[in-house]
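Given as structure tokens, the chain that follows is alone and in the form predicted on its own.
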């Protein structure tokens, strides 16, 4: 894809077919049957959202009494990309072999990592993708690393039980995956784990990492975790961070 002209980062707009055309694709469901009236309602809804040149790409039945729309429109809004600052995980991405070599030479022992889907959340897809040997998207899971002792504790692990296991196994890091987010239960569970860790004097002895489809690094930090990873995270991303954070803490202890 070639750019027709240089991108103006101070007035950034969505790209469709032509640079700066402001084309956006949106999708939503209206609680009415598909019909010409429903189509017009979708157009007016998109127009009230500020979109121009609204075009209905698809209108499909989404169950009895529901119509699903995919819509294209244009916006004149711009963003000054040069002014955006985001709190993000600060760790150099490394390969599995590089991470193993760093642990071997700079730490000298295996790092023990416990992973779990906590509370009453039974969705293990995320934690399995990070922990299990096969990994995710061609990126091997933490269990395959020679210098990581990675243990997937599975689903519905209570926070207190997770901390008990961390103490028993002398763990270095805890990975918590949350998929269920209704009523902000993931936030409540995150904060509960950290509060329990503080009361037991474990907060600064362990590296706490959160993950899930609704998880961001800023949210995780706000809940008291060291880092957070969202959709698309690969095992090596998590391993790279844990190793860097472990070495950083070790160096700070020597000062």
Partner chain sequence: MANLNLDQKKIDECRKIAHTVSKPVEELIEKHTSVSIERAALRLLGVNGAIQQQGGQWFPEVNLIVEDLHKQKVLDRGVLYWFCNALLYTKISPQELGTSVAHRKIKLTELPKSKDEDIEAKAKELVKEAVEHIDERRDYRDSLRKKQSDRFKSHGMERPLLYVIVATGNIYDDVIQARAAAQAGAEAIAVIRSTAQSLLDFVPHGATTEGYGGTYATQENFRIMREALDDEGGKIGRYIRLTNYCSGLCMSEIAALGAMERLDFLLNDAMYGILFRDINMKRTLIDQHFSRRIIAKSKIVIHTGEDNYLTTADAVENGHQVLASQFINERFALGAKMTPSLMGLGHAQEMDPEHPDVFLLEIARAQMTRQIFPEHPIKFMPPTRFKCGDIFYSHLMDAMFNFVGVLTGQSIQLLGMATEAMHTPLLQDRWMSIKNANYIFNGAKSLGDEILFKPKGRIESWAQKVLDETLAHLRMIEKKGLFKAIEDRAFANVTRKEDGGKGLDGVIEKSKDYLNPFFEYL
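Note that the structure is a prediction, hence the values are computed from the model and not measured. By rigid core we mean the largest C-alpha set that fits within 1.5 Å across both forms. Positions refer to the first chain, counted from 1.
From this point on, the text means the form predicted together with the partner chain, which you will not see here.
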| field | Exercise: residue 93 in contact with the partner chain in the model of the complex, heavy atom 4.5 Å | value | no
| field | Any non-hydrogen atom of residue 231 within 4.5 angstroms of the partner chain in the model of the complex | value | yes
| query | Using heavy atoms and a 4.5 Å limit, would one call residue 32 a contact residue for the partner chain in the model of the complex? | reply | no
| query | Is residue 195 close enough to touch the partner chain in the model of the complex, meaning at least one heavy atom pair within 4.5 Å? | reply | no
| message | Only one of these stretches, 74-82, 96-104, 161-169, 118-126, has heavy atoms within 4.5 Å of the partner chain in the model of the complex; which one is it? | response | 118-126
| query | Among 205, 61, 200, 55, which has any heavy atom within 4.5 Å of the partner chain in the model of the complex? | reply | 61
| task | Would you mind checking 15-41 for residues with a heavy atom within 4.5 Å of the partner chain in the model of the complex? | result | 25, 27, 28, 29
| Superposing on the rigid core, do we see a C-alpha displacement of 2 Å or more at residue 136 between this form and the one not shown? | no
| So with the core overlaid, does the Cα of residue 72 end up 2 Å or more away between this form and the one not shown? | yes
| Would you say residue 218 moves between this form and the one not shown, meaning its CA shifts by 2 Å or more once the core is fitted? | no
